[in-house]
Ligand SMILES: C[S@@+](CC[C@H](N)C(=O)[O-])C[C@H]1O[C@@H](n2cnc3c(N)ncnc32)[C@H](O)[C@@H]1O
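One chain comes next, on its own, written out as structure tokens in the form predicted on its own.
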Amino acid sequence: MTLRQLKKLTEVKFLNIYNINESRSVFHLLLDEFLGIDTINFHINLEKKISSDLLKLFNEKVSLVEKEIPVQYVIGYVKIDGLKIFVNKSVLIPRPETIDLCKWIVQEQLNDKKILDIGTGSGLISLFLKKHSKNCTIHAWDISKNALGIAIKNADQNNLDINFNKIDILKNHSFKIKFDLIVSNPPYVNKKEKGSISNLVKKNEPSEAIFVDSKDDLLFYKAIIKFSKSHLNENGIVYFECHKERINKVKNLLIINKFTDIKIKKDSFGIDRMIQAKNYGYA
């Protein structure tokens, strides 16, 4: 079978899950990872024949995608800004809007700061901030032991020093340490919204990292804001990724809790997705 034929057959299989552009993208991701053929070499060698062993390997990966397993899990990692982030079903696949949040934060010129990432998952936010900061101490918390295992692996593989801990932010905590910056991308999707979520997400990614298991959509924001009031240094900043339809409710929570200099920022898709606020030490 030639590369041209393989592409045609594979894209047809993927059209049950993806649109045509996504199908092509997934095909090339698999081709690059498992056959070592990037997009340029693919187009140069369209009539190149594939060995039976490589074809068998490739088709095994294709069958996983056909079972609605995200290509990121099939490959096992994603590359973001020079970071290699390993992912499996214990952690969310990094989203563009979370990367947008990271890029917004690093505009603060993070030097000599104490930073806390609540609900770290794969560790993406912590690793990104550590890479783009100078002399910052970063703590990262998550309730999931399995997620922390992946985050620790990612920190080791990228040679970045992060302090990981298994902590449930919904429980009352009092720590002597204070932070200059607290960031969180908490669960913020109501379980009633599951019908609007794709099967790729619902069948594979950890539901506890996506859905709020409560009647209160803002459960995690309330807990983190309460914690931040007493554990942010004066002039410390809190950052959140938010649900586009509830970001103004998060803003109101921050106002009620006497945070100031509140800013909402759009993600790369033009959606109000991120918010920052400053603590002036009124707690």
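Start at 1 and count along the sequence shown; that's the residue number. If you're wondering where the values come from, they're calculated on a predicted model, not measured in any experiment.
The same protein also exists as the form predicted together with the named molecule; that form is not shown, yet it is the one meant from here on.
Taking the partner from elsewhere, Leu116 is found to have every heavy atom lying beyond 4.5 Å of the named molecule in the model of the complex. Although the partner is absent here, Phe220 sits close enough that one of its heavy atoms falls within 4.5 Å of the named molecule in the model of the complex.
In the model of the complex, Ile167 approaches the named molecule with a heavy atom inside 4.5 Å. The closest heavy atom approach of Ile75 to the named molecule in the model of the complex falls outside 4.5 Å. In plain terms, the part of the chain that comes close to the named molecule in the model of the complex, with a heavy atom within 4.5 Å, is 118 to 126 out of 118 to 126, 150 to 158, 191 to 199, 103 to 111. Contact annotation: of the candidates Leu92, Leu181, Ile138, Val71, the single residue with a non-hydrogen atom within 4.5 angstroms of the named molecule in the model of the complex is Leu92. Residues in 57 to 82 all lack a heavy atom within 4.5 Å of the named molecule in the model of the complex.
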